[in-house]
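Have a look below at one chain only, the form predicted alone, in structure tokens format.
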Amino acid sequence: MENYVRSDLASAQGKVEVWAWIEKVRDQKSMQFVILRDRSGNLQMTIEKASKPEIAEVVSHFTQDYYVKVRGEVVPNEYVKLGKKELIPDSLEVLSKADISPIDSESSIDQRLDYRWIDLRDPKKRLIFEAQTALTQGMRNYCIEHGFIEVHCPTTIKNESESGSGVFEVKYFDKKAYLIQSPQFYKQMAIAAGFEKVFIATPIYRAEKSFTRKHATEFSGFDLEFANVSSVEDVMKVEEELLQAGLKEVNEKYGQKIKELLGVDIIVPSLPFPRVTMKEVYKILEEECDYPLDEGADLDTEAENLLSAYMMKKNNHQFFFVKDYPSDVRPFYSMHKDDEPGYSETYDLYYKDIEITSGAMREHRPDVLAKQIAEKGIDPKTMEENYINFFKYGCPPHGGFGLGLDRLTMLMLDIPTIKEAMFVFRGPDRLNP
């Protein structure tokens, strides 16, 4: 019995056993040419009908995406365009038959999402998630190298983590619970526990009927929280270093492949990222963009687009921070600025033209926190047991931020919509597959 070495297609040489998809079949009078596909790439299999009639008969029934196991010999052939080599089969076994695909390159995004597992067989789309894996690895490595502890938290919570709007209410036995809008409470609980530095990767839920290219009702969050923060600048510094580490990992592992298949350059950002305060933003929008906003107002979509274009032109940098937001437009757990009444130790981070992060120094004084909760129209008593109590037994000043991993991936690779940057998309009108 001959020995066949199990191999992927890209590295196959000599006597091999390969498991692969059928990509394409050319069935000629005396020869068959089959393109095999696996994650590593493609390989041509060549069958001479006269010498391998049993295999030729099986191949004659192939359609795209049959799955097969082939044993044979890979031999050099200068006439084969695909890698100058071909596989001559000794045996072939069909492991899975395939119906004709219900989607093709002309199908709409929603049709393709209905058959997402077929849509993702495209190597370009698989590359999105290879790049996302590298991005996450780079950020995770940064956290571990800088002494962060990874914790895993529940995705159900007794009280709303942001406000009463935009949350999914769920039945929890005989009680009412909510799906988390962020792991905010749990990150801060870890700081109160003395962990000092934590990060959490978790699903996040937003019950918002938004149908934009950047919104989803469930997405992957990557959150950090850390102690001994003296101002929001400490938080911003960590985030820019984190993102530089993540994008560097992507560029080193997949930069060339992303350029070849997707036509996108991965730019590893320089430090520090440009910064602008909200007071400066109001001035820029009025004087440079002819789009005045009342002081104290949040940025609307048009303001974000105008500001992004201005900052890119001024700084030639894909990222920029907007800091010191009005307190009224930030969550109750944000630290208010002592020297600027009405403003807070908070920021948003923009990547290209879209906001990817909200970050802040947190309020850790329980009496002040209760007051700020009440100012947001929430009864502090409902937050006592599972939030305010965290800070009654001593807690260091701290801060942190949360990244939407899917939105970050979309922007990194210039993907038109978040629907294609997520493994499986969830939106207001989509609960399948």
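Owing to the predicted nature of the structure, the values given are computational and were not obtained by experimental measurement. Numbers for residues come from their place in the sequence shown, where the first is 1.
Only in words, not in the display: the form predicted in complex with a small molecule, which the text now covers.
> Let me know the one among R362, R140, R112, K197 whose heavy atoms come within 4.5 Å of the small molecule in the model of the complex, would you?
It is R362.
> Under a 4.5 angstroms heavy atom criterion, identify the one residue in F320, Y333, Y282, Y254 near the small molecule in the model of the complex.
None of the others qualify; the residue that does is Y333.
> Give a yes/no on whether D324 approaches the small molecule to within 4.5 Å in the model of the complex, heavy atoms considered.
D324 lies outside the contact set for the small molecule.
> For R407, is any heavy atom within 4.5 Å of the small molecule in the model of the complex, or not?
Flag for R407 set to yes.
> Taking the small molecule as it sits in the model of the complex, is A216 in contact with it (heavy atom to heavy atom, 4.5 Å or less)?
Yes - in the model of the complex, heavy atoms of A216 and the small molecule come within 4.5 Å of each other.
> Although the partner isn't part of this model, could you tell me whether E208 comes within 4.5 Å of the small molecule in the model of the complex, counting any heavy atom of the residue?
Yes, E208 is a contact residue.
> Could you tell me which stretch in 397-405, 369-377, 47-55, 382-390 has residues with non-hydrogen atoms within 4.5 Å of the small molecule in the model of the complex?
The contacting stretch here is 397-405.
> So, Q181, Q184 and E355: all three within 4.5 Å of the small molecule in the model of the complex by heavy atoms, or not?
Yes, each of Q181, Q184 and E355 comes within 4.5 Å of the small molecule in the model of the complex.
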